[in-house]
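Below sits a lone chain in structure tokens, taken as the form predicted on its own.
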């Protein structure tokens, strides 16, 4: 069983059945999934993306500077983090929202010792704002945060259950990897499950990354317990 994990959630996942925005129904389901894992003894840090509201790299241009676009993306992650925090608390999952950008009116500032204290007190820590700087994805921020908080692994949930040698949605003969080494994951252009900069950082610091689906029920708790689900990159 992992003592502490970093769960990376994309904004697209949090939109649930909607085309954009936050799906409260999915948020409530996720709260119960997280509760199972914490009740089994795993401490959880969550890094949220913001693609359900805005993607900085996509809107940059036509007068919008890339730095400004990335800041807008960070604000999108803040909206997701605030919504998840309220939903989790409503489901009796003790949670704190910390922000890597200045937003004291709505969230606590991310401070290493504060985050560590919340985790040791049994709270789920949701971090908004990515790494707080432009040109760096929330994937990279997730690996950096996992290292800073001494997590045992990064769990990134995707649409498919693991890493394949080609896109499984368009190739019926796609082969799934149960395990994969970082070198292959970084060098193979067909593997796009995580930002290459994030993968490189994880490889350099030997931080295991597990790629799996968010569903079905109980999946997060099983991965946190050490079950062989998805693909483990190490």
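What you see is a predicted model; the values in this text were computed from it and never measured. Numbering follows the first chain given and starts at 1.
One more form of this protein should be noted, the form predicted together with ligand UDP, which is absent from this view; the next part is about it.
message = Please tell me which of 203, 174, 69, 31 lies within 4.5 Å of ligand UDP in the model of the complex, judged by heavy atoms.
response = By the 4.5 Å heavy-atom cutoff, the listed residue in contact is 69.
Partner-contacting position among 151, 131, 115, 124 - heavy atom within 4.5 Å of ligand UDP in the model of the complex = Contact check passes for 131.
inquiry  = So, residue 135 and ligand UDP: in the model of the complex, are they within 4.5 Å at any heavy atom pair?
reply    = Contact check for residue 135: yes, within 4.5 Å of ligand UDP in the model of the complex.
ask   = Does residue 27 reach ligand UDP in the model of the complex if we count a contact as any heavy atom within 4.5 Å?
value = Contact with ligand UDP, no.
request  = Would you please decide whether residue 23 lies within 4.5 angstroms of ligand UDP in the model of the complex, comparing each non-hydrogen atom pair?
outcome  = No, no contact at 4.5 Å.
inquiry  = Taking any heavy atom pair closer than or equal to 4.5 Å as contact, tell me whether residue 74 reaches ligand UDP in the model of the complex.
reply    = The answer is yes: residue 74 has a heavy atom within 4.5 Å of ligand UDP.
ask   = Just one stretch in 163 to 171, 185 to 193, 205 to 213, 48 to 56 has heavy atoms within 4.5 Å of ligand UDP in the model of the complex, so which one is it?
value = Single hit among the candidates: 48 to 56.
key: Sequence-ordered list of residues in 138 to 159 near ligand UDP in the model of the complex, where near means a heavy atom within 4.5 Å   = The stretch 138 to 159, when checked against ligand UDP in the model of the complex, contributes 138, 139, 141 at the 4.5 Å heavy-atom cut-off.
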